[in-house]
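Shown next as structure tokens: one chain only, the form predicted on its own.
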């Protein structure tokens, strides 16, 4: 039974560990955080699995995202009872003064129509009112993507931790990696040897990637008992793209800013005002919402905004999942597993 040492217990590290355990590998997982910590970028993500509504921002990885979306079905099934794969679809809307943004968005979709696995449905006022009555108060039309999905990243991370610990994974928490090379991982107190090492540390592996940087993102979670949304909502705007992601019991995640900065300090006043004002412009019920959390983190990004793998004997690396980390993790984990045959030679 080959031994695999995985550096990084973020979403990619955990998904990969779960795949390898199920395939019969002996897995050890290392992370600078605790088993139940919340320091990585995944804890700030909203969990959108939306390749079509993100197409204009993720053109370079669109096919990867489509493949990843199908892999999410089997991943969620393997975590049955612990993770909910929400299949409520996504509505894309724009205010009357921003209808040009909606038209431009539709042009992008038409340009890539041959690549898309499904097309948007154009909803007039009557259809929108029938599908999501509360949005019809402020919008006269929308684009509807019934195939788009979402998960709760916190739920996924806890579920994977539970499954991995039950499966006997050797989890080295609070163990930052000081040195990483083929076959070897070193922490401040010990050196470990494996048949193969896999580096999924994200921002923690910055020194191994040329042009690597972090991009700041911010989200707000609110409790809004006056709002009844059962699908994802994306608002198009000339300056930013806002989304609203439903959570159980009238909780919603509102995001997200995208700032070229590696600053992970608390959310700025400007960002908070923009996000909350945009949410209120979508639904008046957000005026009386209560702010539950404001979260900030940095996403690992390479120059082309696409994930990359490095493969050598005894060592695999993956990084640069950017804002697509939740969606792409099952696909990148699959690709890493496919490379193990070479790396183990």
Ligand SMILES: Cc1cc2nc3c(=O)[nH]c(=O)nc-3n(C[C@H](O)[C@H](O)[C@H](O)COP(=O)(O)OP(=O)(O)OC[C@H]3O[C@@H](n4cnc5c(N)ncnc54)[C@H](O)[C@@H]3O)c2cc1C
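Everything numeric here is computed off the predicted structure, so don't read it as measured data. Numbering follows the first chain given and starts at 1.
Although it is not shown, the form predicted in complex with this ligand is what the next lines describe.
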* Asked: So in the predicted bound form, are 19, 62 and 333 all sitting within 4.5 Å of this ligand, heavy atoms only?
  -> no
* **Answer option from 279, 316, 27, 48, heavy atom within 4.5 Å of this ligand in the predicted bound form** => 48
* Structure fact -> As a check of understanding, the residue in 86, 271, 101, 175 with any heavy atom within 4.5 Å of this ligand in the predicted bound form should be identified as 175
* in the predicted bound form, does residue 33 have a heavy atom within 4.5 Å of this ligand? -> yes
* To do: State yes or no: in the predicted bound form, is some non-hydrogen atom of residue 5 no more than 4.5 angstroms from a non-hydrogen atom of this ligand?
  => no
* Flag residue 204 as yes or no: does it have a non-hydrogen atom within 4.5 angstroms of any non-hydrogen atom of this ligand in the predicted bound form? => yes
* **Any non-hydrogen atom of residue 221 within 4.5 angstroms of this ligand in the predicted bound form** => no
* Structure fact -> Given 86-94, 263-271, 195-203, 136-144, the stretch touching this ligand in the predicted bound form at heavy atoms within 4.5 Å is 195-203
* Asked: Taking this ligand in the predicted bound form, which residues along 286-320 bring a heavy atom to within 4.5 Å of it?
  -> 297, 298, 299, 300
